[in-house]
Structures are given as structure tokens and as C-alpha cells.
Ligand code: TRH
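Below you will find one chain, with nothing else, as C-alpha cells; this is the form predicted on its own, and questions on how it binds or moves follow later.
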Amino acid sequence: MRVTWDIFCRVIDNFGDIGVTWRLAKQLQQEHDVAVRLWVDDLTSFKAINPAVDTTVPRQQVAGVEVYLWPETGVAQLAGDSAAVVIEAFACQLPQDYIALMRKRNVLWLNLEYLTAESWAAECHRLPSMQGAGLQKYFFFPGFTETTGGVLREADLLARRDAFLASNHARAEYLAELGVQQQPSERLISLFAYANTALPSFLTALSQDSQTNRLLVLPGVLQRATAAWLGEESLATGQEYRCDNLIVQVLPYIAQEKFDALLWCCDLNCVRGEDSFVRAQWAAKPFLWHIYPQDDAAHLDKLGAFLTLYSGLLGDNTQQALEGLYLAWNHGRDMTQAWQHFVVHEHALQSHARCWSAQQNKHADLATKLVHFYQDWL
């Protein structure tokens, strides 16, 4: 009999939380023969990254995963019984009636935390927390070292990436579907970020570059800011807008299963949050991460920890170029000088991105580590 896992997810920033939990649910079901129920409180955001989702029904099967709309009350009644493994994604707080079900059986309760490169994550990874009535919750920290919980990576991901990049036809066909006609001399950049006061200076720097930059803007708040910089009221999807050496195109919503190919096509990927941040690393291309801003600026410590880990093997000048771009972007500063320095070291950063991806591929992935933890717990 297959083991059942329940994953609970509250959507906080439109796509990040559901992006991570959906990838995890699919991988557990497809690669580890696990029966997965995914509980999510926002089917509309889910549908934006997966068109197969039906927002009108409370329960459905998508790609072999049972998807439930997480109601305000009555979760226990819908569930019938708790799963053998329960994942509380990003401290979303399980319903009390469901916790009552968990007390009736031997359940592994995991609090899946946000991804961080900070050193304390390894120290806290897999630590237990007694919950009373015999329940014990464990903290599971994704990360970039062997002593953490790893990051999501499907078994065939890198093979699919390499096959795609080896095929000029596959790349051209994918871009054509998006209405993108890149010229050989153009640098292709994807843009997916939170609201950012550095954007106007970034656009100016791209427009004044010696190389033509084709910027692919994904749906979100930066579309309006980009339109304002171009002097337009709004931007039409698919249409090109040019300012000197910058060509801007707005992309439609891209289903999650096709998002990797966009990252594989681009020379630089501007990504945000957690899900696209991880996928950009597997793309093995230079990337610029916009970390989720926090009121107490705790995100800057998290950013610094990642930069220290990621850029540790770079030469001093290349490391400074990378960190300068990241800090200007995440502090909302003028990007002109940072972009100029990045371009000088672009080829070195391209090689480093490939090396980083190969290095991370040596670690077990998040889904596999979760399954192994459950087996050890038994």
C-alpha cells in the first residue's frame, strides 16, 4: 500500500509558495511512488502556473496529485484521516481539527522551512519540536550543502536542460511560441522581480549598453514600471518596444512546466523569491536574484549568506562585479556602474554558473532527502 503524504500550502506572494509545493508534490508522486494530497488556499494563483487546475471545484486530481482547496473549516472531514507524513510548508499552521486526526496515528510532522544559505540552517535542520499528545514536529531546512535538506531537482532535469541547449531547433521553436525573434547579436534577459526602485536605472543601463539587450518582462508589477520608463500607458503582450540598445517584450503567463525552458534560453535571468531562484541555478546561466524584502531587513543577511557561498571560488574582481550587481538591485540603488562591471566579467560568470550547477547536482535533492528522512524515522 502506498504511503500517503499531505502537503499544506498557503499562498503568500502569488507564486512562490505554491510553485515550490507543487514541484515537490509532483516529484514525490512521480519519482518516489508516494500518494500526495496537496492542500492549497488559493487555486487562482495555482492556475496561473498550471492551466490544468480547475478553480471551481474543491477537489481534483492534477498530474496524479490529489489537489484540495484548503477551506477555512472542515479540513478533517474532507481528509477523513491524516496522512502518514504531513508537511506544513513554510510554517503555514495546520488546522486544529486536522491535528486532532494526527493524534490518532503515528505521524511524521515536518515543518518545511524557506530556503536559506545561512549557516544556522544546518544546525537547525532535522531538529525535533515536541507538540504534546505524542506528536513531534521536525524542522526541515532546504539548503545548498550536504548537511541541509537540499533543493528541488527532478531526476531528469539536467539531462532535459542539456538536450534542449544542444538543439538549436528546440530553442528557436520555444522562443517562436512566445513571439520572440532574437537576433544572434542580442543578449537575452528575462525579468521577474518584485517592485524595485532600481528598475529605471537598470533599463537605462541596458539601453546605453554597447550590445543590444532584449528584455523579456514576465507578468507582474514591473510591467507597469517598465511602461512608465518607456513613456507608455501600458505594454501589450508580444509587442516590441525599443529605446536605443534596449528592446522590451512583455511575455504572457508561462506554465510552470515550460518556465525552465525560458531560463535555459536566456543569457541572464532576473528571478525572485525561491522557486524561480532555484530553477535559475539549474539553468546554469548567470542570474540576478531579487530576494523577498522583509521589514526588518533580515533578507539582506540571507542574501549575503548566499553570495558568500555562491561566489566563494570567484576571483576578487569577478566576485566584486557579481556582488555589486546584486547589492544595487536589492538595495534599490543606481544600476549603471554595477551593470558595466557585470558585463566585463560576464563570461567568467557564465562559466561559474555551469560549475555551480554541476557542484550542486552532487547533493541529494529535497524530495529524496525528505523520503530518506521518513524511512530513517520509521
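Residue positions are given as counts along the sequence shown, with the first one as 1. Everything numeric here is computed off the predicted structure, so don't read it as measured data.
What follows is about the form predicted together with the named molecule, which we do not show.
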| request: Using heavy atoms only and a 4.5 Å cut-off, determine which of 241, 139, 194, 164 is in contact with the named molecule in the predicted bound form. | output: 194
| field | Listed residue (284, 94, 215, 218) with a non-hydrogen atom within 4.5 angstroms of the named molecule in the predicted bound form | value | 218
| remark: Given 140-148, 165-173, 242-250, 266-274, the stretch touching the named molecule in the predicted bound form at heavy atoms within 4.5 Å is 266-274
| So in the predicted bound form, does any heavy atom of residue 155 sit within 4.5 Å of the named molecule? | no
| task | Check whether residue 34 has any heavy atom within 4.5 Å of a heavy atom of the named molecule in the predicted bound form, and answer yes or no. | result | no
| query | Are any of the heavy atoms in residue 124 no more than 4.5 Å from a heavy atom of the named molecule in the predicted bound form? | reply | no
| field | Contact test in the predicted bound form: residue 17 vs the named molecule, heavy atoms, 4.5 Å | value | yes
| For this chain shown on its own, do 5, 26 and 53 all sit within 4.5 Å of the named molecule in the predicted bound form, going by heavy atoms? | no
| note | When the named molecule is considered in the predicted bound form, the residues of 38-72 having a heavy atom within 4.5 Å of it are 49
